[in-house]
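Coming up is one lone chain in structure tokens, specifically the form predicted alone.
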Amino acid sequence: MKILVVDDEEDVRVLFEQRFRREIRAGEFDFAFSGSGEEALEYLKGQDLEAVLILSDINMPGMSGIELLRQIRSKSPTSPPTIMMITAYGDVQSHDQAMALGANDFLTKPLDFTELKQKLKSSL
């Protein structure tokens, strides 16, 4: 499965590659990284959406994760792709907005990588 991680924080790539190194080596997951919502939309143009799962931060400069979610769901109202939103702010308003726009899940930072691995594996 191709997993697109959308986050403007530079250290996210290294963190995911460390936490999922076993799954990456085994070929279970193939990660791609985008630093913005705009970059993510560009990446998705060339992908089979059934084979992509998106993990997107909500708060990013430029296009927010909420706007990215809105644009993806305007073209693909239901899954695929599966979209999980990530935020450092676990507020009810962000959660409700993301779920209303069609997010499949809502995760808060710091991420529980054991839980995330289980969620990703159940999405295979």
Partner chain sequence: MSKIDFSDVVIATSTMAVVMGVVTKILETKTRDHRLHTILNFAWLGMMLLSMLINLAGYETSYSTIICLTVLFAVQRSKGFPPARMLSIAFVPAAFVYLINDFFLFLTPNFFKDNKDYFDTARGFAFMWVLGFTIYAQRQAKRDKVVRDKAEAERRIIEAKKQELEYQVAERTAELRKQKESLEEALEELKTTQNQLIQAEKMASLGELTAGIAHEIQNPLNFVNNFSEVSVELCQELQEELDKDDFDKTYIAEILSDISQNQQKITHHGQRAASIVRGMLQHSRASNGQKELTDINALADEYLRLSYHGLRAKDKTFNADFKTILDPNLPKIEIIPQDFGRVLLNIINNAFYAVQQKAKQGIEGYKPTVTVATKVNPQEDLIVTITDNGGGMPESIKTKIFQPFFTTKPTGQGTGLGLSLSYDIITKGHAGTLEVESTEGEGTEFIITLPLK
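What you see is a predicted model; the values in this text were computed from it and never measured. Numbering follows the first chain given and starts at 1.
As for the form predicted in complex with its partner chain, it is not shown, yet the points below apply to it.
**Student:** I have Leu49, Ser79 and Gly102 flagged as a candidate spot, so tell me whether each of them has a non-hydrogen atom within 4.5 Å of its partner chain in the predicted complex.
**Tutor:** The answer is no: none of the three residues contacts the partner (heavy atom, 4.5 Å cut-off).
**Student:** Check Ser74 for me: does it contact its partner chain in the predicted complex (non-hydrogen atoms, 4.5 angstroms)?
**Tutor:** No, no contact at 4.5 Å.
**Student:** Consider Glu115 of the chain shown here, and say whether it contacts its partner chain in the predicted complex, taking contact as heavy atoms within 4.5 Å.
**Tutor:** Flag for Glu115 set to no.
**Student:** Is Leu69 part of the interface with its partner chain in the predicted complex - any heavy atom within 4.5 Å?
**Tutor:** No, Leu69 sits far enough from its partner chain in the predicted complex that none of its heavy atoms falls within 4.5 Å.
**Student:** In the predicted complex, does Val12 come within 4.5 Å of its partner chain, counting heavy atoms only?
**Tutor:** It does: once its partner chain is placed as it appears in the predicted complex, Val12 has a heavy atom within 4.5 Å of it.
**Student:** Which residues, if any, of 28-62 lie within 4.5 Å of its partner chain in the predicted complex when only heavy atoms count?
**Tutor:** Heavy-atom contacts to its partner chain in the predicted complex: Ile58, Asn59, Met60, Pro61, Gly62.
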